[in-house]
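This text opens with one protein chain seen in two forms, each one given by itself as structure tokens under the names structure 1 and structure 2.
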Structure 1
């Protein structure tokens, strides 16, 4: 099939500037929305995916496998596990076994402030820094026990909706009716930890008046132990009421938990895109209808309807591609890395290749889908009919 010159499609764009402007604008709007939605979904998924270390196992209280914050575990569990479970990684004899308390508390800048934001506070021992290698202290130091000191994650300010200086080292935060001094800042890129507050395990237990743990996280030495061993141990030690989960599995569960949210977001973006398609249909229909005779003439010359269709799609794609590209450029500049608050923590939007491709694809699809029905309608007319139009 011999096609019409590409020039023809390009110049047709100038023929109906309003339609061209609307399709460029519509495509960029839709592409931007899809980009935002996809960046949100990708950011959320990545933060859950990188939060897990491959050799880590989480021990939770039996019956609360979906939520660390709801789980309760006897305090002695950590010691029992460290002493009697084989296959745990050790360094200089120190086992990679981290007893942790996770609570979600309302955090404010002053004692009098009423409305704070719920934030995960994690009470840890020094072993936490062994089992969470992604975490790096970038400023200050580790909290000293008994001093009500805290370490804050890089994205905490975003999570709390505060300017970064309000959570800087030396500042005071308030939760559970007590002031806490920020003594350090850590970075754990992309993970849920990045928006948390860490403090000494016993300090947190004191203020929350609990003597149980939320979980015990341990790192296996892959040469000596595997998840099945830990699960067998948990099954034997009925007295401890433990359930062992691969950390990856735990986060996969969280990921699944948030799937409806992601679907809703993509669906919303999709519906708006559909609105774009419907709007585009009308514009394209009007634009093409005024060209009926010309398209009839092209067929008289010997051009096939397929060739004309290709040209109409090219024309539409040029405008939509321009719009979508602008949106992707803007989206990358404005959205990539942007912090989003979410119940599980704060995470950064991720605008990567796949996200850009999705947004571009949506913009281009809009061009094609919005062109086909009016083009079909016009090209289905017999030639004499088109010439008389």
Structure 2
């Protein structure tokens, strides 16, 4: 089968600039929406996956395996674990055991504000910086116990919907009816911690009026300890009512919990893309209908209908590929790293190679699917009928 020259498809794009612009614009819109949905899904999944350290184990209250905020442990649990369990990583004799309190409280900028945004507040000791290696203090210092001081994550401003200067070092935030001074900022890229507020463990216990812990996080020495050892210890100490989970397992459970949200986002993007396909069908049908005589003439010249169909698909793919590339460029410039709030904090959209490939694939698929129905309809007509069009 003799094919039409590739230059024929390229030159046809310039015959009707308005039609070409509509085709490229429609492809850009669909590819941009698909890219945004894929970036959202990728960003959420990566934030939950990166939050877990491979050697970390979380001790939670029995029955609260799905939520740290609902968990309650005896305050002595951390000391008992550090003294009784072998295989815990140590540095200069200090065990990697972090007692923590996690609560979600409404945070406001001033005391007069009636309502704020729910934000995860984490009460910690100095051991928290050992078991969370992804965290780094980038400005200021660690909160001092008894001074109502806090350390804030880099994405806290996005979580609260405030300008970054409102959560800068030296500013004051309010939660639980008390003012708290920001004394430092930390960075934990790609993790849910990056939108949290950290303060001294005892300070948070005082304001929340609780004498229990939410969890104990410990880091195992791979050469000496295993998760099974921690689980056996938790099973033996019935008085502590502990459940041991690998940190990766806990965040995998959260990832599964948010799966319906990701599915809904992708379905929405798919429905919008379907609307784009239907719109593309109308544009393609109108464009090809005006070229019925041209297609009939090509058949008179000896070109088979299959060769003409290939040329029409080439023409459509060039325009849609250009639109998809424009969408990928805009998406990388506008969406990559853009903060999105969700119940646990905030995460950044991720525009990586897989996301770009998904958007490009959507644009090219739109070019093929939007071309075939009107092309088949016109090419199925008899040659005299096409010449009289």
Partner chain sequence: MSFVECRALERTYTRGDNTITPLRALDLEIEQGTFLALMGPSGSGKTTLLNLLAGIDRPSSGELRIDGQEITTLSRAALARWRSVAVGYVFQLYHLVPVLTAYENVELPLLLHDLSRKERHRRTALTLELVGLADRHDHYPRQLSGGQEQRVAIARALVTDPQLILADEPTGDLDAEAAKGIMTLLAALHRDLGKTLVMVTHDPKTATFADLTLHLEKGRLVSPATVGADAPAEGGA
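Positions refer to the first chain, counted from 1. Small disclaimer: the values here were computed from a predicted structure and weren't measured. What we label the rigid core is the largest C-alpha set whose atoms superpose within 1.5 Å from one form to the other.
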Form predicted in complex with its partner chain - structure 1 or 2
1
Look at residue 294 and decide if its Cα position differs by 2 Å or more between structures 1 and 2 after superposing on the rigid core.
yes
After the core is matched up, is the C-alpha of residue 379 off by 2 Å or more between structures 1 and 2?
yes
Core-aligned Cα shift of residue 15 between structures 1 and 2, given in Å:
3.2
